[in-house]
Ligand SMILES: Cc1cc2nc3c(=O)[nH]c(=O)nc-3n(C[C@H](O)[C@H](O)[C@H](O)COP(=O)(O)OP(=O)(O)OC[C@H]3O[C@@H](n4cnc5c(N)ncnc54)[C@H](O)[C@@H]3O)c2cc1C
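Take a look at this single chain in structure tokens; it is the form predicted alone.
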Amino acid sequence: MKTKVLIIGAGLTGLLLAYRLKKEGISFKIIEARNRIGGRIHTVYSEKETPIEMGATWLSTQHCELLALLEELKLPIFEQFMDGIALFESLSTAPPQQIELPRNQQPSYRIKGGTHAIINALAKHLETDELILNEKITDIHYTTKVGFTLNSRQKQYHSEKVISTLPPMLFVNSIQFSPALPEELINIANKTHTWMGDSIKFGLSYPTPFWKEKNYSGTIFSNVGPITELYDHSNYENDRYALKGFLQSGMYLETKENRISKVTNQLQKLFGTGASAYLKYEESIWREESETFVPTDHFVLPHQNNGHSIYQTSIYDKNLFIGGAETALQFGGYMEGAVKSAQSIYQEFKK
């Protein structure tokens, strides 16, 4: 199967690149190892169709290219609800501090219908044969004469150019290359932080926003845990209600039943008995996602090597590009970084 451009990964960067290349009339295929599109953008619809983000959620007014893309796709945004009392747990032996968050702080925003709306809006422009799910590229071979030959367990592909949008650490550790990748690239990639890789996100949908009735914003910051951060996660129309946040990373060692028990106990302690009347509990342990996370024996700091200069240079005679949120020169790891990476690589095809 032959194409001019083969894109590895159907997350925001890969789908935006496909959307741009299609407008230029450049043939491409996107190969995605998962059975779904979106990558680290993953909106699940809980009880009563409450959208809960298991992945990327927020944007700000600084995210200019993402905002421009949302406007282009006619996708509205709305401000994250923060009105009322926020709770801060500093010690397990002390009652939580009640804080009224100032109104002059820079707001965060969410996408109407859930973050996956941007993924769906981009994907709807693709033909069936341009997007292939449930296929993992296992090895890539390059020669000047032939170009790229890429193998999955199911098929073989031939392409003039290849764009990877995988997290760099996953890219260098999950695919075999011939000839081998540059050693410096491998070293940097293995020390590049994969955003969300060690995160545990969770959400609970509710029949009513009981926290608002007590003038709580739904916001929690905690040094005690297992919840470290929590926010109101009601939808744009404010007729579906949820709380969504993060758990301590070590909670992946617990059973799901224990996580639910500890989460609900902490919420009841902070918000009262209404917290136990949830409709559905959802969670995503990103370190268990083999198409995102790579176990490593060394510590990698948040954002470490995101936007490194080595990712700005194509390899194999300038025919293989390394993209994705972590490679962007600004806003590495965020949706804005994913968009910036796509736009940067796309410009190379317009030269």
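Counting begins at 1, following the sequence as shown. It should be emphasised that the depicted structure is a prediction, and the values quoted were computed from it without experimental measurement.
Absent from the display: the form predicted in complex with the named molecule. The rest refers to it.
The partner is not drawn, yet in the predicted complex one stretch among 198-206, 76-84, 153-161, 122-130 has residues with heavy atoms inside 4.5 Å of the named molecule: 198-206.
Although the partner is absent here, T165 sits close enough that one of its heavy atoms falls within 4.5 Å of the named molecule in the predicted complex. Among residues of the shown chain, A33 is one whose heavy atoms approach the named molecule to within 4.5 Å in the predicted complex. The named molecule is not shown here, but in the predicted complex it comes within 4.5 Å of a heavy atom of I41.
At least one heavy atom of E135 is located within 4.5 Å of the named molecule in the predicted complex.
Applying a 4.5 Å heavy atom cutoff to the named molecule in the predicted complex picks out I8, G9, A10, G11, L12, T13, G14 from 5-23, in order along the sequence.
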